[in-house]
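Two forms, one chain: they're shown below as structure tokens, one block per form, named structure 1 and structure 2.
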Structure 1
Amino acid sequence: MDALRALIDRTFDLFFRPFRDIHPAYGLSAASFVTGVMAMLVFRYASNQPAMRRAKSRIQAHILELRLFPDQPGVVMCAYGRILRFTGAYLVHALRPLLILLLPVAIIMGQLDLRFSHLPLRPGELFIVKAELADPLAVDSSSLAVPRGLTLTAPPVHIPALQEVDWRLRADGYGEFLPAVIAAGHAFPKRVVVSNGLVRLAVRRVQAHLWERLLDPGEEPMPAGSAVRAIEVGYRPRIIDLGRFQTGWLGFFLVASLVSGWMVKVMLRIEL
């Protein structure tokens, strides 16, 4: 599983490399276009297109029947029954491509979230590292090992009721750093990125199951049963600035991928 996740990470890193130092809308547009095209091709080749066309035609015919004979209850009831029947048939034909798309689309969205949901830190920026501990007794004894390139700017804040400790740090320069939470005699590092480009950012490092490590990529999860349940870095949320409009990455992705898919659908006459 780890080898597969590493391969997926490297593949997406290669895809986004040309977009690293330009406006994030370009990279997000490219990913949305590929996703939309992929979805339409899967629908074309994994579904029974003639059967879907027939089902849609029968549904439209029976809707027309309702409009033509509204004053004949028997005809209306039969038409409603046939509409439900052919709608069910249509959904059955559409189910196979939807199931095929489920996993790849989940992986794509996980990778996009890593790159577009938050901004990397900038030199001089203050940020918070938060640790959630498994043992409330370890809250007061935990500490943070700070590498060169980061500076601790305030004493830690202990919150026993939440089993949480917060540290405020400053990024002194560009690079990738590994501050480590020390708890129960063990060190738990967390990757911190200071950059002005498009990079992978894992906001949280948590204890995770194998399937979660594929669908929600980022860093190596912490061992199950460890003294630290999660470590979080306070990156700022990213807003995609489109001039008069601003949006999060998810809204942009959904609209752009739907537009791309619709264009391919029209050109290839794909039935949906």
Structure 2
Amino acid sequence: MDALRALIDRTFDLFFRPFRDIHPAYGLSAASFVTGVMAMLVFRYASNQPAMRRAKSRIQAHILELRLFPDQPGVVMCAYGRILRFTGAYLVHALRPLLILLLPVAIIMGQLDLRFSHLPLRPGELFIVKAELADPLAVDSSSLAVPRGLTLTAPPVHIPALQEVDWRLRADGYGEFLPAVIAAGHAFPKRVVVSNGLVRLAVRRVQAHLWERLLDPGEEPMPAGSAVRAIEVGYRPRIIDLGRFQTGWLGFFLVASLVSGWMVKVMLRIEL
């Protein structure tokens, strides 16, 4: 699993390398386009296109029926029932490609989330490292090992009710750093990135479960049953600035992938 995760990370690193030092919209657009094309091709070859076409035609026919025979309540009721039936059939036909797409799109979105959801730290920027501990008694005894390049700017804040300890740090220069939370005699490092480019950022490091590994793929998980449940770095959220319009990466991705998908759909006459 870790090897697969590393391979996926490297593949995406390679894909985003040309976009590292330019406006994030470019990289996001490229990823959206690839996702759109891939999704359309999957729909083209994995779905029953004639059946989808038939179901769509029938839905359209029964919508027209509502317009043609509005004075006949029986016909209207029947038409509505048939619209429901054929919409169901249409969705059933769409489910096979949807199932095929489920995993790859989840991986793509996980990778996009790593790169576009937050901004890396800048030199001189203050940030918080938050540790969630498994044992409430370990809250007071835990500490943070700070590497060179980062400076602790305030004493830790202990919140026993939440089993949480927070540290405020400052980034002194560019680079990747590994501050480590010390708890129950073990060190749990967390990667911190100080950069001005498009880089992979794992906000949280969590304990190992299959699903978490897929959905939070940025950093190797901590062993299950560790004294620390999760470590979180307080990166600032990234806003994609499009001149007058600003949006999060997800909105941009949804629109861009739908547009590119629609273009491919029209060009390749894919029924959807």
Partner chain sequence: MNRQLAASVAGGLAAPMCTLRQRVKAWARACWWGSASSSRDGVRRPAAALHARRNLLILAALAMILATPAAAHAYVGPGAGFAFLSSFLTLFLAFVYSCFAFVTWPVRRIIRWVRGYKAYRRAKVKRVVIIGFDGMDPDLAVRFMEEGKLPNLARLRDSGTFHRLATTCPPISPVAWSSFMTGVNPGKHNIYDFLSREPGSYLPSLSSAQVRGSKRKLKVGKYAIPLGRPRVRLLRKGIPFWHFLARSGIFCSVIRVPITFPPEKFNGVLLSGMCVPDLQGSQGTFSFYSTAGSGTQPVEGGVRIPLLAADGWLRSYIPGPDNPLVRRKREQLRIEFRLRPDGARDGAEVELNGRRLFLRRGEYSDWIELKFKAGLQVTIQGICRFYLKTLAPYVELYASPVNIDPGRPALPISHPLIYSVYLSKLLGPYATLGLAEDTWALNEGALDDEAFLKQCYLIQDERERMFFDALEKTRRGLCVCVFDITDRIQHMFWRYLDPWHSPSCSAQGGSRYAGVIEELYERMDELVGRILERAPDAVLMVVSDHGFKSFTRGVNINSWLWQNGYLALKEGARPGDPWFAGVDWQRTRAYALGLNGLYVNQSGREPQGIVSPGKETQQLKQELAEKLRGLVDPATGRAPITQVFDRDRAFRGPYRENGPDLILGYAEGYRAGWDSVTGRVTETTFEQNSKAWSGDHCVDPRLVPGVLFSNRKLTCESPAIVDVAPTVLEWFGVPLPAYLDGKPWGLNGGACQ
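Between two forms, the rigid core is defined as the largest C-alpha subset superposing within 1.5 Å. Please read all numbers here as calculations on a predicted model, not as lab measurements. Counting starts at 1 with the first residue of structure 1 and goes up one by one along its sequence.
Colleague: Which number, 1 or 2, marks the form predicted alone?
Modeller: Comparing the pair, one sees that structure 1 is the form predicted alone and the remaining one is not.
Colleague: Pick out which of I22, P147, P97, V157 lies at the hinge where one rigid part swings against the other between structure 1 and structure 2.
Modeller: Residue at the hinge, from the list: P97.
Colleague: Smaller rigid part's rotation against the larger between structure 1 and structure 2, whole degrees?
Modeller: So the smaller rigid part is rotated by 11 degrees.
Colleague: Where the rigid core has been superposed, how far does the Cα of D71 end up moving between structure 1 and structure 2, given in Å?
Modeller: Once the two forms are fitted on their core, the shift reads 4.5 Å.
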